[in-house]
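Here we start with a single chain on its own, the form predicted on its own, put down as structure tokens.
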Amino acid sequence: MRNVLNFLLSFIALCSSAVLAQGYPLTIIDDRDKPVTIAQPPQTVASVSSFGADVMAALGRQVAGISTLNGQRSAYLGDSATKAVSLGEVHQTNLEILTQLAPDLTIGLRTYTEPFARKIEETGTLLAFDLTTLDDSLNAVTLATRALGADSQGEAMNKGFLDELEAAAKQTDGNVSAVFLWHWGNVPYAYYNNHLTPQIMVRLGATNIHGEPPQGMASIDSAAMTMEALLRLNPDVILSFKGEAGPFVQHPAWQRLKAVQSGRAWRVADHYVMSHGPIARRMVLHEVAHLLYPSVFPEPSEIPLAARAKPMDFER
């Protein structure tokens, strides 16, 4: 009887594997315009940037390795990536650790993986994406979930996000200006309308004071903004990301800005910069909607406490 049971269990497992492997091998053309062949369903996945880990978490799966930003993992992922091996800083993957991990698939930003692409491909398959716009996000989610054998789930994630964005847009009346800044040292960089986070702001009726990228520079998503320019444009809402811990650098202009005076200058977490994963973009949508229109949209409760927007604080 035991032998029969063992046979049945082995047969069921074999059938399950066969069903899971349907559609493989498959070929995906990533943002390097490179055909990438995936021989079988990836069992271990590494993420250079938070995007791959985001997709895995959205699918209810564990990522095996993830890179950091300023030595920190993305707080918005919560407990979903706590078991993952650290791959070091996002701009300089620790190739020794990645080699030891030997993932079946590495998903990363092309900007950060390009210098090491050959080395990464020695450990397994690499999918590299350019992640700036909403279209980039939709395409990358489609291709990453296809690689993971979850086409229908990827399609559902994209449709669900677009439906939510459209529904939220119908509830807004505009009449609010905003800017999204990344503080690099003492210099704030403002994002143009071609980055997903400002695209969400604009779709919700806000005016991004930094506008479109300069003509002929469509691939540039941000540029330095002087405090004088920020004061002159004086947005209603300021969203600021800073990778380093501690308060923002003080400047006389900050206290003259109406967003600071009215308590609408917010420190946001790194998913605003890397907002392209299915989890990140929904959190950004929900929180930005609330920050722009607090009387219309409630404060979202699904964002981990460490990743929620907080009032900007300044050096004394």
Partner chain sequence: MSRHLVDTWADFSLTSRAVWISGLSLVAIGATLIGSLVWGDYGVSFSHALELVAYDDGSDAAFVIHEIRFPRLLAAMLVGSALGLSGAIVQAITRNPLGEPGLLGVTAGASFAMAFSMTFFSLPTSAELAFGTVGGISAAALTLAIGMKARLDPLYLTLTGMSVNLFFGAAIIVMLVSANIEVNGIYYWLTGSLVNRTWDHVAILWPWVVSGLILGLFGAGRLDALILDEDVLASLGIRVTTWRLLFGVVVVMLAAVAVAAAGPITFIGLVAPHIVRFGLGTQGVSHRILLPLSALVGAALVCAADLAAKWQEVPVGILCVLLGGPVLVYLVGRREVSDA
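Numbering follows the first chain given and starts at 1. Since the model is a prediction, treat every value here as computed from it, not as a measurement.
From this point on, the text means the form predicted in complex with the partner chain, which you will not see here.
Residues within 4.5 angstroms of the partner chain in the model of the complex, judged by any non-hydrogen atom, belong to 187-195 and to none of the other stretches in 74-82, 187-195, 169-177, 154-162. Proximity of residue 211 to the partner chain in the model of the complex falls outside the 4.5 Å heavy atom cutoff. In the model of the complex, the partner chain lies within 4.5 Å of some heavy atom of residue 227. Using a 4.5 Å cutoff between non-hydrogen atoms, residue 253 counts as a contact of the partner chain in the model of the complex. Shown alone here, residue 202 lies farther than 4.5 Å from the partner chain in the model of the complex, counting heavy atoms only. Although the partner is absent from the chain shown here, none of 236, 266 and 299 has a heavy atom within 4.5 Å of the partner chain in the model of the complex. Applying a 4.5 Å heavy atom cutoff to the partner chain in the model of the complex picks out 228, 229, 231, 232, 234, 243, 244, 246, 247, 251 from 228-251, in order along the sequence.
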